[in-house]
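So this one's two forms of a single chain, laid out as structure tokens and tagged structure 1 and structure 2.
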Structure 1
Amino acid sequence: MKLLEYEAKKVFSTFGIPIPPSILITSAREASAACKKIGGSAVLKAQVDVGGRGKAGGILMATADDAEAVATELFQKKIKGLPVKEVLVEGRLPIQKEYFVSIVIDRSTRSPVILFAESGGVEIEVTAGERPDAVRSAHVSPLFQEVPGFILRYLTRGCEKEIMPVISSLYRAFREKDALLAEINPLVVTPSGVLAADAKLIIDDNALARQGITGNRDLTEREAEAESHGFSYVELDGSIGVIGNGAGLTMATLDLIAHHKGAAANFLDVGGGAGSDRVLHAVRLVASVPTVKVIIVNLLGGITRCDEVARGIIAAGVSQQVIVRLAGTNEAEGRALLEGAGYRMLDTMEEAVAAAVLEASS
């Protein structure tokens, strides 16, 4: 789950990373007082979960005299389609130098990797693309609770000595918060010291409970509903709804759809032992996706009973055609129920997928 800038900065601050003075506001009328409180000259930052806020008009300069008008402009905007509900009023900084520091998981080595560059800001991606040597990187063994000194010296050679403890603190935050990404861009040098002018923190969804987070706000409405039913669910951008039991079978169904030049609208694994109610919720959830033209249900009945699956499909009563392939426990009973209700049953996954792709393309 992605944290907003002000949330990430609050976390970083608890690990000893210096941050600029700031006040979070939820209405434009609070802006002038907030601006005065932090010194009269401020940057107003829309707190929305997107990158590139500055280029999209989500970061504006203000003084105590015009802060309310500037904040009003921000609260009336949509930044890349997202409404602005919160604004961070932050002290304007006399920046002398900008750096970039980021910690992510390198899946190939199964370890954190620290990235550091002596030029931060909105063009860091361009810099990395045009001059790869400008970004230094170093892997850190997940067994290390601290960043070894030789790695810090390699990353920050020739830079201000205050940079090293910030990287160390960022690494501790990364570890202790179960993060997938912890980033400061830019990390700025000012006459009064080093400050995190921006902050990004993404927490592993699997660790939310351990971090005391009760809900994942990154989920869409359908993803949240799927989670409430215990489904493994991912939204895609095609027109063929997919329901399977077991990740392997469901993924194989998606692969076969792609092989037949179709496009899946989702991945939904109902799990083993799904009863009729569980199947009903799964079918209705997939049918609620606006792009879905046809639904394929591909289940193998081991601990799952095919007659229970059939009852769930029939009870769902969705408008889209549902093409079914069932095999296993109580297969004959399930087939009889579906055929009696007018549903299309096919013998193999290949036939079911080919039929679904043809239906979606018509």
Structure 2
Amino acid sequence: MKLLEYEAKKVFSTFGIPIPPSILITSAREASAACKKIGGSAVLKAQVDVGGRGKAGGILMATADDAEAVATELFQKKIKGLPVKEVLVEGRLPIQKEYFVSIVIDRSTRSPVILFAESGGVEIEVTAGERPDAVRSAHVSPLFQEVPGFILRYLTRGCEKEIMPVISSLYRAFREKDALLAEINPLVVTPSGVLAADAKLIIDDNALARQGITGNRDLTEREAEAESHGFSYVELDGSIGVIGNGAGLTMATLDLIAHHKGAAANFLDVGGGAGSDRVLHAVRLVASVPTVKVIIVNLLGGITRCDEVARGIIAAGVSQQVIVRLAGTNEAEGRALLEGAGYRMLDTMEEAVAAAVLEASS
């Protein structure tokens, strides 16, 4: 789950990372007072979870005099489609220099990697592409509790000495908060010290419970309902509803639909060992999207039993046509149940997908 800038900054600050003075507002009326409180001249930053927020008009300069007008403008905007509900009013910083520091997981080495560059800001990827030597990186063994001194010295050689404790603290935040990403871009140098001018923190969804976070707000209403049943669910913009078991098989079903020039409306992965009850919820959830014209169910029974799947499909009783491909454990029983109830069964995933695409286009 992604945290918003102000939430990430609050977390970083508890780990001892200096952040600029700021006040969070939820209406334009509060803007002027907030601006005065932090010293008169401020940056108003829309708290929305999108990349390139500045370029999209989500960051505006203001003074106490025009803050309300500027905030009004910001609250009325949509930043890359997202409404602005919260704005962070932050003091303007006398920036002398900018750095980029980020900690992420490198799948290839199975360990965290710290990236550090002397020029921060939004063009960091361009910098990395054009001058790879400008970005310093160091992997940290997952067996270390802290970043060893030699790694900090290597990354920050030739830089202000205040940078080292910031990286060290950021790594502690990364570990202790179960982060997939912890990033400060830019980390700015001012006459009064270094500060995290922006902050990104993404928490591992598998660790939300032990981090005391309930409910993943990155999810839409249907996605949240799906999650409560233990399904993975994604919405797209076609007309075929897709149900599969296992992410790979579900994705492959989606790819075959595209290959046959069809378009999926959504896809749902029921996971392993789904009983009839879970299948019923899955079918109803997928069918609840108004654009779904036909539903394809493609399940391979290992732990999952085909007769249970069949009972779930029949009990769901949705109005759209359901095309079914089932193979594996108790296949014959499942087939008999579905055919008895008038459902269309096909032997292979290819045939089922072709039939669904044809049905959706008719």
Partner chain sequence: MIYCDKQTRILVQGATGNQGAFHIDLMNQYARSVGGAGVVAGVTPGKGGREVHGVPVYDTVREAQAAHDTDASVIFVPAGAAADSIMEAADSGIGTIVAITEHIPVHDVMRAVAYARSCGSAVIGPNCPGLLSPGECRLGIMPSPLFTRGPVGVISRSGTLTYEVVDELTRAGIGQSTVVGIGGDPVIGETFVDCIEKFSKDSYTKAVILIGEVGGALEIEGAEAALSLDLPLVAYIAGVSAPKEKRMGHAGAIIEGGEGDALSKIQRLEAMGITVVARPSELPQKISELL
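Just so we're on the same page, residue numbers count up from 1 along structure 1's sequence. Not measured: the values here are computed from a predicted model. For clarity, a rigid core is taken as the largest C-alpha set superposing within 1.5 Å between two forms.
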> Which number, 1 or 2, marks the form predicted in complex with its partner chain?
Replying inline: 2
> Across the change between structures 1 and 2, how many whole degrees of rotation does the smaller rigid part show against the larger?
Replying inline: 20
>> Fitting the two forms on their rigid core, what distance in Å separates the Cα positions of Ala287 between structures 1 and 2?
In response: 2.5
